[in-house]
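Form predicted on its own, single chain, as structure tokens, below.
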């Protein structure tokens, strides 16, 4: 059995219109990206990228998008993302662009990168605070940025002190 390797492209929707982020849907992002791939790379690029292309995650509040494609065609996808100029949703067209943040082999690596990226963004916001209330709110957000890891413990695993459990 052969496993198909994928690449996950983490993007950010950049728009001057704040309504754009609240109104976007994963279907609209997928159609806009497919359209851009078709315009830039033609039928060949569209066929290569459409095999396993999906929008895996969309957070309309933060404007974060996670796209999945085959490992062989992720370069075609990444080269077409800057050419997405608008998203159409609910009969409205919103001018925007997609900024590539990270390309990873798993969703987990993209999650880890996103946590670090958001932490850096919060630090920038912390430096630009004007009053103490904003500063405390951002510091609280900074402290809550973590990815908890569950470890399954079996009978033959070692404890923290290096001894085996029975």
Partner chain sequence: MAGFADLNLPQGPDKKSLQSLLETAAHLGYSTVALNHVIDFKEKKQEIVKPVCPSELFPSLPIVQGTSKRIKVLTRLTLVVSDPSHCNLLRSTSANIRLYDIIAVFPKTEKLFHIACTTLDVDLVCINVTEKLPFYFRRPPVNMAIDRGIFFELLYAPAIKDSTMRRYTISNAISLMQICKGKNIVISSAAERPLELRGPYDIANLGLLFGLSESEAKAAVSTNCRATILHGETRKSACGVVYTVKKPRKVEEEETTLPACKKAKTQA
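Keep in mind it's a predicted model, so treat the numbers as computed, not measured. Residue numbers count along the first chain shown, from 1.
Same protein, other form: the form predicted in complex with the partner chain, not shown, and the subject of what follows.
Asker: Check residue 72 for me: does it contact the partner chain in the predicted complex (non-hydrogen atoms, 4.5 angstroms)?
Answerer: Heavy-atom contact with the partner chain at 4.5 Å: present for residue 72.
Asker: Taking the partner chain as it sits in the predicted complex, is residue 137 near enough to touch it, meaning that at least one heavy atom pair lies within 4.5 angstroms?
Answerer: So residue 137 does not count as contacting the partner chain.
Asker: In the predicted complex, does residue 47 have a heavy atom within 4.5 Å of the partner chain?
Answerer: Judged by the heavy-atom cut-off of 4.5 Å, residue 47 is in contact with the partner chain in the predicted complex.
Asker: Answer for residue 132 alone: is it within 4.5 Å of the partner chain in the predicted complex, judged on heavy atom distances?
Answerer: Contact check for residue 132: no, nothing within 4.5 Å of the partner chain in the predicted complex.
Asker: Name the stretch, out of 103-111, 64-72, 118-126, 23-31, where some heavy atom lies within 4.5 Å of the partner chain in the predicted complex.
Answerer: So the stretch in question is 64-72.
Asker: If you apply a 4.5 angstroms heavy atom cut-off, which residues in 4-42 are near the partner chain in the predicted complex?
Answerer: Going through 4-42 in order - heavy atoms within 4.5 Å of the partner chain in the predicted complex - there is one hit, 4.
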